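Before any questions on how it binds or moves, here is one chain, the form predicted on its own, in structure tokens.
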Amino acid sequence: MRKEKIFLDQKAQEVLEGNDKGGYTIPTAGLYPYQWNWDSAFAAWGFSVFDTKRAWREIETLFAGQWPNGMLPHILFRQDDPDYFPGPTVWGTEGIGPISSSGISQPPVAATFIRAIWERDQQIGTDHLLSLLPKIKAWHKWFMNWRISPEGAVFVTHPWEAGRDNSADWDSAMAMIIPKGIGEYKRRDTSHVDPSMRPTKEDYDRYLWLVQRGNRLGWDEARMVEEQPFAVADPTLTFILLRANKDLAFMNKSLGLPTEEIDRWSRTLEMGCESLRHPESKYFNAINLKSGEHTGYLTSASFLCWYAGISDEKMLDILKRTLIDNLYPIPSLDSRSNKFDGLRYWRGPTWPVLNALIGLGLSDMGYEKEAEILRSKTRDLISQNGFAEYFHPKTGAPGGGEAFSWTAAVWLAWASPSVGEK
């Protein structure tokens, strides 16, 4: 067991180093050839286990792409790679930010992992942290200015903004979009991964239509908010931003900086979290703001409540059932759903990155038994099936990209038996 543990720790480190492009990390070669927002934050968390300076470099290269309005893009196009679509030309953001990028953001896990990296070595980290804190706050303020529903939840304007691209949570809102005039295009993702594991063409037509709309409007938030065609209040972003605000406030307070505005944001988001509770099932789920209806789907994002600091007995009961139902929890869509598909991206697979966030939240809230079950099952999943992007929750079969940075990072910083050893 000791040799196996050391071997897997080394392999995980090799995955991160192999995806290192000189200060920034790609998720995996071919399929994702650029720097992705929340992937990069996870990578930094992983790097911090064996190279704290490299972890700070990852975070700083990510924030180097921040827009003047505070938005931190979900992709930074640091070079033009024809193997990826839609690339820089389709997004049309040239001249807006300092680095060619997409026009939307992604779940703001960065503040939480920045705190973890800083607490690992404050002597190295404090100067880095002081320069980053205003940038983190500006990003969070952008969310609070442009992505808050009347009830206080964070909503997404594109499925990619939530990081859960083809989740069933978007189905009703996506169905309202008629993707006229998108023209011909050639996907690149299905040349790297079995198409049965990827979003459908119908999904991609709508993804591209929304990107083209943003391009036409110059990615001007004030213009895009008018007659917004896609707006879904999302548990992923709401829970993650609430946790990120709390961690941002902690770091500010620790360094003698004010927290009043951040604390107000957290109070707003706490009300927003409660608005996401389904009136009948009582679990947290998304709301299609165009229709005002809850989506009704139980997803892995529903279990991020503890990560946000919200204790919930109903969700705990559902979690216990989910841990029993699936050999390798937590499925991205309830395996009892008629839309469950165990290897199609966010329609069912288990993602170690979500498991890690849920596990951290459970542990923080004192649910150590459930946290350890989830951690040990994720450890078994990765050790038996490699550092894939995601896995089938019933069989453990790997899916998506291989040699994936954030799965390696989750292993090093959370799932490995080495975590916590001196």
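Heads up: residue numbers just count along the shown sequence, starting at 1. Predicted model only: the values in this text are computed from it and were never measured.
The following text describes the form predicted together with a small molecule, which does not appear among the structures shown.
Within 4.5 Å of any heavy atom of the small molecule in the predicted complex lies no heavy atom of residue 58. In the predicted complex, at least one heavy atom of residue 27 sits within 4.5 Å of a heavy atom of the small molecule. For residue 406, a non-hydrogen atom is located within 4.5 Å of the small molecule in the predicted complex, even though that partner is not displayed. Looking at residue 106, you'd find a heavy atom of it within 4.5 angstroms of the small molecule in the predicted complex.
Proximity to the small molecule in the predicted complex, defined as a heavy atom within 4.5 Å, holds among 219, 306, 345, 139 only for 345. Site annotation in the predicted complex: the residue of 47, 391, 387, 38 reaching within 4.5 Å of the small molecule with a heavy atom is 38. Contact with the small molecule in the predicted complex, judged as any non-hydrogen atom within 4.5 angstroms, is confined among 120-128, 308-316, 160-168, 335-343 to 160-168.
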